[in-house]
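First comes one chain, alone, set out as structure tokens in the form predicted alone.
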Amino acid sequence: MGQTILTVSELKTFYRTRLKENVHAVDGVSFTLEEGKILGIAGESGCGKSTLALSVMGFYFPPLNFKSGSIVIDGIDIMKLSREDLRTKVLGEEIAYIPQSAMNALNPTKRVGKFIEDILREHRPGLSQEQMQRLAAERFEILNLPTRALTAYPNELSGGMKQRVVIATSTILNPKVLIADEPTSALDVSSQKIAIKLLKSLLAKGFVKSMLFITHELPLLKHVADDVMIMYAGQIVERGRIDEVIFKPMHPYAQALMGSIIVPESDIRGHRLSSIPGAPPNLKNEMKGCRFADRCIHTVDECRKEEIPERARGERTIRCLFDFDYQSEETAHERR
């Protein structure tokens, strides 16, 4: 096992609405991330993936609020830092973020090189202008970007090039943890492949030490991650090795999620495509029991009584009272 870089323990965060209601978007999430590893986080829209990413970064700005738990990055508990120390000593240095809709994250009135210069001037004040330009050019070369792009405005670049500019900007300080939040969602298939290859190369070359890769596309993670966590209604319902969770999911939600996706892999191509009935629960409400109970074909009275703890099943953990081996979608469909 490699060195543990990130440890998240019992993290709970919530949104406060204008009506003073609390939306429990992340509720008791715990995990670790080791050096050299890519941990995937998957689930349908609204399950809390992006909120978890912002929470781990320490981005607690209204309406997002921290409730409890700890976030330790390379021995630093970031929840014990002041906002200024978090900004200057952790963000960019220890942990960095590639946001959703990253191509829209660039200021259209600034030349591309100015983004990187601003970061280096803030965190590496001793560098000369020439040194900053050389570092930016070297990172662009690694990401297969022409150095002329440094003097371009964002609207002069293609979508794939803008995505790589954001990756270069996010990783210029060689962070220990890189959070990539749906980094390929706005790209065509060929550009997706390039972006994933470049992200993995940054890890292989040591420019980043570890990565959280967030997506709602489970099959995509097969080509990216070492391990995966399946998230539902603010909680982790299953975690394990990527190939095991994708091809033989145990939690009923993970099984249903795989059954609702069109995938080319021959191992699962023959399964009938199905939908997940109902809708996720309202996270403003206090919930007892399994949060997937209203949509699960296996639900019994026990499922609704008390909070369901995570438990080990071999090398995996699942948040379910029962053991369900992977079943074909035809069988699941007939049970419905």
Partner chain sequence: MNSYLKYFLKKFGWYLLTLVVAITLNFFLPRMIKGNPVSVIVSAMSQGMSDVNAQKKLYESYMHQFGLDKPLFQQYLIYFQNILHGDFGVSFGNYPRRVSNILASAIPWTLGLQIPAILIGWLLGNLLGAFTAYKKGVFDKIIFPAALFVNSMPFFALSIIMLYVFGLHLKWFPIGGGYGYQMIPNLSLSFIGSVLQHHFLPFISIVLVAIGGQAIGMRSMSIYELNSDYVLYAKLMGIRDSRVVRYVFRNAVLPQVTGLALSIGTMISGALITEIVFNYPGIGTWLFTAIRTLDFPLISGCTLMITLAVLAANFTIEIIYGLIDPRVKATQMEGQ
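Residue numbers count along the first chain shown, from 1. It should be emphasised that the depicted structure is a prediction, and the values quoted were computed from it without experimental measurement.
If you look for the form predicted together with its partner chain, you will not find it shown, but the lines that follow are about it.
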item	value
Three-residue site Phe59, Ala105 and Ser170 fully in contact with its partner chain in the predicted complex at 4.5 Å by heavy atom	yes
Partner proximity in the predicted complex: Gly113 to its partner chain, non-hydrogen atom cutoff 4.5 Å	no
Its partner chain contact at Gly92 in the predicted complex, heavy atom, 4.5 Å	yes
Any non-hydrogen atom of Arg241 within 4.5 angstroms of its partner chain in the predicted complex	no
Interface membership of Met287, its partner chain in the predicted complex, 4.5 Å heavy atom rule	no
Which of 73 to 81, 203 to 211, 135 to 143, 149 to 157 lines the interface with its partner chain in the predicted complex (heavy atom within 4.5 Å)	149 to 157
